[in-house]
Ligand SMILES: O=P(O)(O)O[C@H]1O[C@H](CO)[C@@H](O[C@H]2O[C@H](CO)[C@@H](O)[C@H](O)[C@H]2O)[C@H](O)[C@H]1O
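For reference, the chain that follows is the form predicted on its own, supplied as structure tokens.
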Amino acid sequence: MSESSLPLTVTAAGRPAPGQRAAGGLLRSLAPLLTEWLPRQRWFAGKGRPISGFSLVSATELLPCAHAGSGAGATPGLLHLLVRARQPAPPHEPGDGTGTGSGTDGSPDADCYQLLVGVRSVLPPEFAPASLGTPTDGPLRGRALYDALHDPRLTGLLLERLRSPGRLGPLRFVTAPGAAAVPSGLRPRVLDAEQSNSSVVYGSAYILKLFRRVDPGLNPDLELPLALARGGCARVPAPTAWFEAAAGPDGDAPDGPVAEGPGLTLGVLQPYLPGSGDGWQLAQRALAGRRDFTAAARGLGRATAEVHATLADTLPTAPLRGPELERLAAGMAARLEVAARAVPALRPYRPGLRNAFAAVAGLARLGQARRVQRVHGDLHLGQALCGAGGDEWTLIDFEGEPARPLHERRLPQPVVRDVAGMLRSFDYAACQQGTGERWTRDWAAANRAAYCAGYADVAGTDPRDDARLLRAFETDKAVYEVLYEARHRPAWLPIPLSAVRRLAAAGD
């Protein structure tokens, strides 16, 4: 096979595959373009670190690329790529005490990215903002390459693939058991608000979430909604279909979603909820009009508890005993030290904050234990949608914190971790109206209390009754926020610092 032609499928996992020579030529020709283009994408995780090279995991033609045209009636090519970007390892930051992190290939310096590349002989002007460039050699020499998610013709093809389950090389397209048939011809539009992923809405019926930075194993954003659907929970849209890179160099995988090993979850299709507003937007409107939000907050607490109850029924739970509690507290304390070294404004509050973590270790010395289970992992107002009636909440985006390794995001956690995330979100919402305003502090406090009361309506226990663990998780979250805002949004730093002052004083 010559390097001027592109094979239907080439893989670079486990052993040499047919078309390996073309694959090498493809990657060499794309490397200069990707080195410039990838760091400019919002979902690229390695910003601030140079790219030293790439390795190809797989390349699959979803539409033939060698003779892609450019005219109105011409068919563009569509190339699916999984590419590892090699970079210097980031500075070490401690995990949560329940696991350790690594990169996609077992090291922290090789993140794997999913790319969908459109191919045309000449790029139409409307796709110019999505351009990757034109290779000067290799099998796609002289072709115009661009991010295919901005081309409705190519995103329409993705939906057709998901409507017809099956395999294409290392890719596997799966329809959820019992899911309603997806109609054809739904008009696609890419959303522009994503940070760590990309989404395409089809008509007003479905949304396809594509994971850009991917890790081996089952992504919780597929795993947990599937479990909730099995448990009959209506608070989360059930997956309709998904696609993945199947385990093994030949694309072999058992029935059902890839669970472990080299398989990667690539995208999930779910019902779209038009007309819903996310909790952040709704809270901001309430604040702007100085309107009461406690009824909505209480409903959101009930929805969270229903999701937690179903996850506990459908997936394993475990006890969190003395040694695990001590490791949890030690991880929180270590993250505090890392953040304090980076953000001097945090240092005066360290003694009070340490007390919050020491109280968790104290639970271990008292012989106490807690239950852990699967949780949302990154719960905040923006991860909750409310219908037009204002009283029915739906939770979305179960991926967890994208910066954490996938195996950490799949670990069982105390449910108060999710509760703490939502409590911090109420504070953030209120602070948008001013960190020093008394009425905004009262608004946040009232809605934090309403949320916990709503949780207790369903769970039978109030999260505030587990005050030591809840305070520790809220403190840990506030410390994380201080570090994040100092690095990315310095103007927002007073928001988590106001929480830090409150939490530190509570421990004195």
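It should be emphasised that the depicted structure is a prediction, and the values quoted were computed from it without experimental measurement. All residue numbers are counted from 1 along the displayed sequence.
The discussion below concerns the form predicted in complex with the named molecule, not included here.
The candidate stretches are 49-57, 33-41, 449-457, 473-481, and the one lying within 4.5 Å of the named molecule in the predicted bound form by heavy atoms is 473-481. In summary, among the residues Gln433, Ser196, Thr134, Thr317, the only one with a non-hydrogen atom within 4.5 Å of the named molecule in the predicted bound form is Ser196. None of Gly217, Pro225, Pro402, Gly299 but one reaches within 4.5 angstroms of the named molecule in the predicted bound form through a heavy atom, and that residue is Pro402. By the criterion of a heavy atom within 4.5 Å, Gln87 is excluded from the residues contacting the named molecule in the predicted bound form. In the predicted bound form, the named molecule lies within 4.5 Å of some heavy atom of Trp280. Contact annotation: Gln114 falls outside 4.5 Å of the named molecule in the predicted bound form, judged by heavy atom distances. Among residues of the shown chain, Asp378 is one whose heavy atoms approach the named molecule to within 4.5 Å in the predicted bound form. Taken together, the three residues Gln383, Asp397 and Glu485 all lie with some non-hydrogen atom within 4.5 angstroms of the named molecule in the predicted bound form. Contacts to the named molecule in the predicted bound form (heavy atom within 4.5 Å) from stretch 405-429: Gly421, Arg424, Ser425, Tyr428.
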